[in-house]
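Here you get one chain, nothing else, as structure tokens; it is the form predicted alone.
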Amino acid sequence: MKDSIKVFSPATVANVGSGFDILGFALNNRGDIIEAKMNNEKCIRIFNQSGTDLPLNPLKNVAGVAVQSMLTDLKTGQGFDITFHQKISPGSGIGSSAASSAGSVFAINELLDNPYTLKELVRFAMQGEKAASGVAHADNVAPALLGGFTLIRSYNPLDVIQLPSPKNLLCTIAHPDIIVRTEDSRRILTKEILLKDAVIQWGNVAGLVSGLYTNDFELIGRSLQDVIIEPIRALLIPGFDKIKKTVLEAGALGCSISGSGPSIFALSNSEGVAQIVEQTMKKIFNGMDIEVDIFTSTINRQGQKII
């Protein structure tokens, strides 16, 4: 049995247009690097070498909460040290809390000789999401653990389905230097929706899943429309409507808000289009005097990676 392990836990895009709280996918170019070690203190200790401000109290750190839920389920008093060497910026909209929760439970599971499958780990990582936003959603943690695209068919009971995706699908992410807290972006959402909007949304979710299975880029693009959540959350992101309109005109398949924002994502089916999308996003944000981090990534189909 190993007593230490280091893992890469990927960033993720959640909600994915019409798939609020049910669709997500993993990215290759951003993520957390987490080291886990057994200790003799019979407690969880959090250490931070990432340069990002993190709570060290395990009761307030999403990784500590997620791991404790797993250890409680196992009925073990084994203690662990969890050290963050690299961290996705909190509030970025690309699964900061999910990467921490998923990576930590994955690492601890490996050290304990894998008592749980990857899908079984999702429910523990969800507790970290609950600590971060007040809601135990899985659309970030599921792809972070399993890789690729995932669909949460049901939360009660939890039913996670892995979806395929075209090999040459690219995702461009723009993370503007503004903060949108997940709990705040959930608080502004309306509690009731019109039936006609729900029908449109259901059709788009089904179309997006079908497009992923059939490698139909045009269908993916047509289905990447959110008529319920995006119009509300877009108000928190300066320039969103202009960016979306411009990148679609530049050839992007679709564009929407990543997670709860403020990151914006656009899907493309060629590197040439993705480069134009990057340049377009950067130009618009620069025109508003907003610093922005922009990168393009392939879809991460592996999920967690042992370093």
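Keep in mind it's a predicted model, so treat the numbers as computed, not measured. Start at 1 and count along the sequence shown; that's the residue number.
The same protein also has a form predicted in complex with L-homoserine (HSE), omitted here; what follows describes it.
Here the chain stands by itself, but in the predicted bound form one stretch of 243 to 251, 259 to 267, 42 to 50, 27 to 35, 259 to 267, has heavy atoms within 4.5 Å of L-homoserine (HSE).
Checking H137, H175, K87, R123 against L-homoserine (HSE) in the predicted bound form, a heavy atom within 4.5 Å turns up for just one residue: H137.
For F295, no non-hydrogen atom is located within 4.5 Å of L-homoserine (HSE) in the predicted bound form, even though that partner is not displayed. Contact check for A14: a heavy atom falls within 4.5 Å of L-homoserine (HSE) in the predicted bound form. Although the partner is absent here, K130 lies well away from L-homoserine (HSE) in the predicted bound form, with no heavy atom inside 4.5 Å.
Among heavy atoms of R186, some come within 4.5 Å of L-homoserine (HSE) in the predicted bound form. In the predicted bound form, R233 is the single residue of 222 to 237 with at least one heavy atom within 4.5 Å of L-homoserine (HSE).
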